[in-house]
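There is one chain below, alone, in structure tokens, taken in the form predicted alone.
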């Protein structure tokens, strides 16, 4: 199939994941706007749209450019952009190409840089993740200030990223719903009827209620070791692995050739290792360097030269480190938006 390490994508498992997420959104009456930063691949985006997604979420203008060039026409840059002159030109070019474009904003200072761009803006809210986003009590105040600048406030969005902790999915979804409901009321109080209230994450998806108009999970498309350890999915729902070769048995452990430059180096404080092995649930990656993964392996060690399917902790990072997907059905798809960090 190729020299290791490389990304292997089980297309059938991925398609089942797409259908499950679409069904989860339909149950609560929310549109699905998946975060394409996870896969960075137009072919996968096409499958998401065919499975019922309303449009795509991206993290950067560069990602938006890649998906627009591939035919996407409805994009949300889910990030509080700080727009310079070059960015203004790029955003205008996307609009002139017929892309319906929304962007995030969480300050009046950033909003002044959007003046003159015919964009829909969603105010970013902090619903408990404590990253970017304003407190919900300031929603109406900021919306009025944006309106005075001539900025089109279409609604609000939040990311319940604190769902990425054990047993936190339901609570994070509840906080998201309460935040979006209050934002809706705050906007109405200043005379703005929100056209969209946007939320969602993979660990909170199956706990989301009926407040959000759209949900933006990303990792659901593939699954990864984090999602398995959070209990969001089972091993059988992991579609993406890094295929790696056993190169050493030093120290009585398995050493594979997929290091941090293939897997990414993410390890949450609660994670049991730097990744898992798809077909060996009790194996753990206990150390990671650039080109080595050290695996504590239960039972007899696989022979040198054996290929093993490693689950990265965080699929998004592993994808960005690789150039293509080797498909289980044959052929390859490029990671076309790889490295588009601005």
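A quick note: this is a predicted structure, and the numbers were derived from the prediction, not measured. Numbering follows the first chain given and starts at 1.
The next section is about a form of this same protein that is not shown, the form predicted together with another copy of the chain.
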Next on the checklist: Contact with another copy of the chain in the predicted bound form for residue 41, defined as at least one heavy atom pair within 4.5 Å: yes or no?
Outcome noted: no
Checklist entry - Is the gap between residue 301 and another copy of the chain in the predicted bound form 4.5 Å or less for some heavy atom pair? => result no
Checklist entry - Can you check whether residue 133 is within 4.5 Å of another copy of the chain in the predicted bound form, heavy atom basis? => result yes
Next on the checklist: Please determine whether residue 290 contacts another copy of the chain in the predicted bound form, using a 4.5 Å cut-off between heavy atoms.
Outcome noted: yes
Checklist entry - in the predicted bound form, do 80, 129 and 245 all reach within 4.5 Å of another copy of the chain through at least one heavy atom apiece? => result yes
Next on the checklist: Counting any non-hydrogen atom inside 4.5 Å, which residue from 237, 182, 206, 87 sits next to another copy of the chain in the predicted bound form?
Outcome noted: 87
Next on the checklist: If the cut-off is 4.5 angstroms on heavy atoms, which of these, 106, 145, 152, 74, is the one near another copy of the chain in the predicted bound form?
Outcome noted: 106
Next on the checklist: Among the candidate stretches 258-266, 91-99, 172-180, 188-196, which one is within 4.5 Å of another copy of the chain in the predicted bound form when only heavy atoms are counted?
Outcome noted: 258-266
Checklist entry - What residues, if any, in 300-332 have a non-hydrogen atom within 4.5 angstroms of another copy of the chain in the predicted bound form? => result 304, 305, 314, 316, 317, 320, 321
